[in-house]
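The chain below stands alone and is given as C-alpha cells, in the form predicted on its own.
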Amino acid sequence: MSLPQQTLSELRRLLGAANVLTEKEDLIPYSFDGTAALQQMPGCVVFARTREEVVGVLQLANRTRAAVVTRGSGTGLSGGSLPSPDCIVLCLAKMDRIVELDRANLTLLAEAGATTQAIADATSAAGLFYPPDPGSMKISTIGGNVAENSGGLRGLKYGVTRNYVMGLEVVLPDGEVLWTGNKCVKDVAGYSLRDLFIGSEGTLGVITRVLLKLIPKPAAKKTLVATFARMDQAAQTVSDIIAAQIIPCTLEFLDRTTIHCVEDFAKVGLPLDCEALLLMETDGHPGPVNEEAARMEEIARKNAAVDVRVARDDAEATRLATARRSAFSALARVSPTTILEDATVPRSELAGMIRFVAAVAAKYKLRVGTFGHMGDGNLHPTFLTDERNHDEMHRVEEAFKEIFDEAIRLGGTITGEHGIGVSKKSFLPKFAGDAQMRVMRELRRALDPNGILNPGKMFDP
C-alpha cells in the first residue's frame, strides 16, 4: 500500500515541496545502496535540512505508523539503507555542516550528512588527524559511518569509527531529541548510550550530529609494497610483524585476481607476477618510522618476498594507497555483478581462511578476488558474477554460507565493518546466540515500540 496523500501533503508542509520526491524516476536512485542485487522502491524520499525537520518527520511517521529508512550517500554494502516497501526515505545529505572544530579539546562537531573526506580535510587543515578511512570516504557520510561503525585501512593501529565518537545527537522514533556524551575524555555516568547507537544501522534512532575525537597528525610516514609467490608467505609476514611488536597504520593485502584488476584499472605499476601483495604503512615520529619500515622490509624478505618496494615520496605513497582503495571498483569492472563481503577471523587463522575461500570458490565454480585488512583479520572475498544468472547466484549464496560458517567456527565474525542490514541477517542468530538476540530485540522494541525505523534490517520483528 502506497503512502496516503495526507501523509505526503504533511511532509510537503514540513519540508517544502522541493524536498519531497514522489515520482518514480526520481525515486529510482534511492531504491538501492552499494549492495549488489538488492532493490526496493520507497514510497517517497524526503530531504531534511535541520534537526527540527527530522523531528517533524519522525513525529508524523510515528503517528501514522509509516516506516522510515534513514539514508546518507547510500554507499553501504549490507543493504542497511535499502528502502522497505512504500517507506519514507529520510535523506540527511543536505545536513552537511561542520559545526565546530575545537583545537583546545581536540574535537570536531559535524552534522550527519558531512562526508568523511570533508571531515578529514578540515581536520588536516587544522594540523590534526581523523584516522577512520572507509573505502568510500570520499562520499560516505559521518552519520552512516557511525550507524554502521565503519572501519577502514587504518583500523589496525587506530581502530574504527566507534573509537572516535565522543557524543551523539539522536532523534528517537517518537521525535524526542537525545544527546549522549560530551567533550570529556573520561565520563562513566550511567549507561553508555552512545555505544548503543553506534552500529545500530538506523534501527534505534536517527543520528543528526556527531562529536568526534581528533588526534595530532603523525609527523612522518613510510609506505612499502611487498610481493610474494604464496599467500602463506604474506600471512606469515603479517604474523611476524605483529609478533615483533610493530603495529603499522596500514597492513593490507591483495590476491592475484585483485592485483591484476587493480593494475588494469589504476595503472600504478603493481607487479603482476605474484600471488599476494602486502601494502604496509607506518607512521609517527620520523625516527621510529624509519626503524619500523626497515624492520618490516627485513621481515618480509625473511619470508621470501619476491620484492619489497619503498615509496619514494608522498605522491607515490598516495598512489599505492589509492590503488588499494580502488580494489572494489576495479573488480566491479570484470562482471556485471560484484558481491563484496567482509568475513573476519582471528589473525592466526587468516592464511587458512584465505585458502578456504579459494577452495569454496573452486567447489562452486565461481570467480573470486580476495583482498582486505590482513593486519586485523578482515577479509573481503568478492565474487564476480551476474545476478541475471540465477543458478550462479544460488551458488554464490551457498558459497557465502560456507564462508560465514567457517568464520564463526574459527572464532571470527560474519561482519567486521559492513554491518548486518538485509544481506546477513539470516546469519546473525547463529553468530550471536539466543541471549544476545533476545536482548537486541527487547532494546529495539523499547526504543521503537511501533517498529517504524528501518524495519526488516538486522533481524525480523
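Numbers follow the displayed sequence, beginning with 1. Computed from a prediction, not measured in an experiment: that's the story for all the values here.
A second form of this protein, the form predicted together with a small molecule, is not displayed here; the remarks below concern that form.
Here the marked residues G76, A147 and G152 all reach the small molecule in the model of the complex, each with a heavy atom within 4.5 angstroms. Listed stretches are 198-206, 101-109, 183-191, 214-222; the contact stretch with the small molecule in the model of the complex is 198-206, by a heavy atom cutoff of 4.5 Å. Between the small molecule and the residues S81, T282, T382, T237, the one pair within 4.5 Å by heavy atoms in the model of the complex involves S81. Proximity of T141 to the small molecule in the model of the complex: non-hydrogen atoms within 4.5 Å are present. Looking at S329, you'd find a heavy atom of it within 4.5 angstroms of the small molecule in the model of the complex. The closest non-hydrogen atom of E417 lies within 4.5 Å of the small molecule in the model of the complex. Among residues of the shown chain, S136 is one whose heavy atoms approach the small molecule to within 4.5 Å in the model of the complex.
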